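The chain that follows stands alone, in the form predicted on its own, written as structure tokens.
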């Protein structure tokens, strides 16, 4: 008698999805578990480097075929168009008029997030974003714009806005760069880190307009309560949103559309669906607030793989835990901030490192996570993370009232 093969489909080959697929392939028997990875592009995008792409720095190509070489993961190139949880089926568009249906026994949903241009009128039509295609389209336009002293407006002064503006100001000193934010900027950093960033803005000639919410984008100008801000190019970095696929499929999500998951990162409404990365939100506190970030995506992807591997062996999974240590921001290629964090609250401490060494630490961490994903094919034990075992004493199937308060579908 032949044993049934369990088919695991992983949606999304970002940091969370790729980590989950690579780790699961190593931790399960090829005769018992088949894995298919679905992604809209055939390359891995280091999204946290897209500000360098906008600045004209060529980034190395990361073909997924090369990363997946010598694994048993089947790659399916295509865009996910629909989920049908009742049939355990995913509809993937593979061509202009071609779709395939993928059946699954277990699904890992790791479709990530995108820059939110749908909440402000005109943003979709008149702004570029840091999403890969938009960043690649903007990059070749900036040298000519800089040559004529053009105006670039960045809307949003979170960490991404800080990195993009300083990268462009250093690369194109003749650009006239303005950053507009509805509140203050880099509010998750310490006072010392904020002072260092303000000095970098001043040194690079970046104008910062605080407490100025952009309510509408028109061609060539951003409207605020205090009046219009003119621009030649606008880059929108004002927050992230997730796909509506999960909500449309009847999967339980929060107000943002993220899949609500238990301590094993399994969907609260569909026990054969797991979620990781930006598209997921634990319904129970895993020991620290979870934010959309590279820092959380890798550990969540790894934990989903560990959960499934444990269940396939008939063992009880461990509950997901996480602690933050630090957060790094680049300020161009020669400066940066490494902000140390309270591991349980994700709040800034007074300790930080600045300058070239801070930039180096950030680059090291980004490169290290990609290296550990590659190493999953042979050495999954090389990747652990702070706080991994901090919730070990709790039952992984526990529910809380938190999910009821934050779910809307």
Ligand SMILES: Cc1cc2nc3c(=O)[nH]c(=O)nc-3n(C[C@H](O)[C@H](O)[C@H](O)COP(=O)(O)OP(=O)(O)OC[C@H]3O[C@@H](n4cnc5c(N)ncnc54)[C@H](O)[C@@H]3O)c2cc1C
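Keep in mind that what you see is a predicted model, and the values were worked out from it rather than measured. Positions refer to the first chain, counted from 1.
There is another form of this protein, the form predicted together with the named molecule, and it is not shown here; the text below is about that form.
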- Message: Quick check on this chain: which one of 186, 290, 80, 229 has a heavy atom within 4.5 Å of the named molecule in the model of the complex?
- Response: 80
- Check each of 130, 90, 251, 322 and return the one that places a heavy atom within 4.5 angstroms of the named molecule in the model of the complex. 130
- Report yes if any heavy atom of residue 194 sits within 4.5 Å of a heavy atom of the named molecule in the model of the complex; otherwise report no. no
- Item | Contact test in the model of the complex: residue 359 vs the named molecule, heavy atoms, 4.5 Å | no
- Query: Is there a heavy atom of residue 69 no more than 4.5 Å from a heavy atom of the named molecule in the model of the complex?
  - Reply: no
- Item | Interface membership of residue 352, the named molecule in the model of the complex, 4.5 Å heavy atom rule | no
- Query: Which among 38 to 46, 377 to 385, 339 to 347, 25 to 33 is in contact with the named molecule in the model of the complex, heavy atoms within 4.5 angstroms?
  - Reply: 38 to 46
- Query: Using a 4.5 Å cut-off on heavy atoms, which residues of 224 to 245 contact the named molecule in the model of the complex?
  - Reply: 240, 245
